[in-house]
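Only one chain is included here, represented as structure tokens and corresponding to the form predicted on its own.
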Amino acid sequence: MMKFKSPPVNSLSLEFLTEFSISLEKLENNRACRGVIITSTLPKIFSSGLDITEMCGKSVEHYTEFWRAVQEMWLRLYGSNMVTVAAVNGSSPAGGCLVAMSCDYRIMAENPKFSIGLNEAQLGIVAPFWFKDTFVNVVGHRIAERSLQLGSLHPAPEAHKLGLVDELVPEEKLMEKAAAVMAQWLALPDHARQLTKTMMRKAVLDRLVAHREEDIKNFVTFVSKESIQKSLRMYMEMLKKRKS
């Protein structure tokens, strides 16, 4: 069981991403560990996604280091040999949605106030190709295209209808259901399941590995633009006002 605990909203900061990747690597190297359930200790939020403060007013070097950490997290989680189950116990926008989508199975708390989706377009940001590829592999091309262009956040019932999450359960039954799903997946021989997973996901993983440096360069160029910095500053101001 891996529980996110980085108040107030489990933002994916550089420190958080680094610790997440190291934890995944340790579990991967532990032969006794065959699967991991990922959830949050914070009420109402799974993960709010990438930490905006890491992308605003920082140096080119910092943006480079941050984006490499985002890539590393995804490569490890999406390519993991373990069975990965996301127990989504709150809202999960943007990078939080990517974490959930990268797992083998997603169970979400049955609460219409909780939403999930890649809403980057709302912030004036473009979801990278590997976010898009992951999304397409989960929901199909047409739903992904519409949802990405509109930056949609889907309430839990709609997310289930679209196939973005596999199951909805009452909040109090979430962990019990996650454990039952894990048992079902672990009942299969690891070897066959792992090879099948690799076969299904290899092309998407290989695409990022082949274009990793180019992807970092694109991100740094994009996020360094004054128009994007302005958009991020405005978004941060809006969040501050909401809090106050």
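Worth saying up front: this structure is predicted, and the values here are computed from it rather than measured. Note that residue numbering follows the sequence shown and begins at 1.
One more form of this protein, predicted in complex with a small molecule, exists but is not displayed; see below.
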Among 195-203, 25-33, 178-186, 45-53, which stretch has residues whose heavy atoms lie within 4.5 Å of the small molecule in the model of the complex?
45-53
Can you work out whether Ser91 and the small molecule are in contact in the model of the complex, taking contact to mean some heavy atom pair no more than 4.5 Å apart?
yes
Check whether Met236 has any heavy atom within 4.5 Å of a heavy atom of the small molecule in the model of the complex, and answer yes or no.
yes
Any chance Ile125 has a heavy atom within 4.5 Å of the small molecule in the model of the complex?
yes
Can you check whether Ser11 is within 4.5 Å of the small molecule in the model of the complex, heavy atom basis?
yes
For the spot marked by Phe4, Thr41 and Tyr105, is every residue within 4.5 Å of the small molecule in the model of the complex through some heavy atom?
no
Can you work out which of Gln71, Asn137, Asn119, Ser80 has a heavy atom no more than 4.5 Å from the small molecule in the model of the complex?
Asn119
